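Quick heads-up: it's one chain on its own, the form predicted alone, in structure tokens.
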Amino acid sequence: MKKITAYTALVVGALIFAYPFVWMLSASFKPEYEIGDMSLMASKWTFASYQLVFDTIPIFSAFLNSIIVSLAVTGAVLFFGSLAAYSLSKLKWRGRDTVFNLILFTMMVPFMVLLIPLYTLVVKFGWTDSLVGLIVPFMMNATALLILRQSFLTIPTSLLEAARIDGCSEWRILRQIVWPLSIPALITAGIIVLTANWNQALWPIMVIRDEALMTMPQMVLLFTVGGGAQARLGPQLAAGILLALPIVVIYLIFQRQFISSMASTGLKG
């Protein structure tokens, strides 16, 4: 009875949580005059909302720009974050804990505080209206570093010492021992960074003016609030579905590793 009660509560909670997203998906295929109905069914299914999105904005070029920026940032964060996390977890040097505490402090600083100085630097370097201005400022991430450090701490130090005795360099230890043993943490950090950069709209609006370089969140935001959706709810929902779909697919593929890492590194809850 306890299991039945628990699973029933979980199913009810899942349905309550999933309903807005399912309704959003179904409403994007409804005629505009039926969207106000909370039912998931429609008298006639139509692709008119998606057609308006594709006809109004260059969604494919925006999608490609987002892919380039998100993958570049995620790859850089995982690489440089791994180097920093390995140094902060497995190497002993003066001031290590102080540096780590400073990194943790940066997690408490709101991004809005850094917005103006960061934009000033990008302008000084001449990175406006370029994808470089969207990639370089976010090539390090304190949250990803914390996840990787916590995962690296679970690797036995004796294993690394044995590798050093066999003549392995620190780079080889990181590449052949630490990374293979930390795949769930790498996937978790990658999903978090990828999601954060994929959904970033404020920074691209400040840096990018050329439509050919605009990212998908930026394009969708301008479409919904700039008049491209013609004040219709259906196209706005369709644009939101197209924006969220890649992240949902990525999470569904890697959800097992994501949950495993969050549980093993002590970051759950």
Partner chain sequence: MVRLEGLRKVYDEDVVAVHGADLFVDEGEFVVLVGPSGCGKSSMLRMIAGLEEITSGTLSIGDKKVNDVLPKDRDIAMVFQDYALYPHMTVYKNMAFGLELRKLPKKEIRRRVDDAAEILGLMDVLERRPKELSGGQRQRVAVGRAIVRDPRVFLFDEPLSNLDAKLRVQMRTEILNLHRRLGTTIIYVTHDQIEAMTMGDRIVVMNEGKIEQIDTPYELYSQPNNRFVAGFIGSPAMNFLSGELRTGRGIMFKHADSDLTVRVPDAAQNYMSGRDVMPVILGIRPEDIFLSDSPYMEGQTSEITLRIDLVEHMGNEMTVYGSSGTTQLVARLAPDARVKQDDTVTLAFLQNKMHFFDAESEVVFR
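Computed from a predicted structure; not experimentally measured. Numbering follows the first chain given and starts at 1.
Here the subject shifts to the form predicted together with the partner chain, a form of this protein not shown in this document.
Novice: To test your reading of this chain, name the stretch in 177-185, 113-121, 70-78, 144-152 whose heavy atoms come within 4.5 Å of the partner chain in the predicted complex.
Specialist: Only one stretch qualifies here: 177-185.
Novice: Under a 4.5 angstroms heavy atom criterion, identify the one residue in Ile192, Cys168, Met139, Leu131 near the partner chain in the predicted complex.
Specialist: Only one listed residue qualifies here, and that residue is Cys168.
Novice: State the residue from Ile103, Ile135, Ala163, Ala84 whose non-hydrogen atoms include one within 4.5 Å of the partner chain in the predicted complex.
Specialist: Going through each option in turn, the one that passes is Ala163.
Novice: Mark Arg172 yes when one of its heavy atoms lies within 4.5 Å of a heavy atom of the partner chain in the predicted complex, and no otherwise.
Specialist: Within the cut-off, so yes.
Novice: Using 4.5 Å between non-hydrogen atoms, is Pro156 touching the partner chain in the predicted complex?
Specialist: Because a heavy atom of Pro156 falls inside 4.5 Å of the partner chain in the predicted complex, the answer is yes.
Novice: Can you tell me which bits of 85-102 touch the partner chain in the predicted complex, meaning any heavy atom within 4.5 Å?
Specialist: In sequence order, Lys92, Arg94 come within 4.5 Å of the partner.
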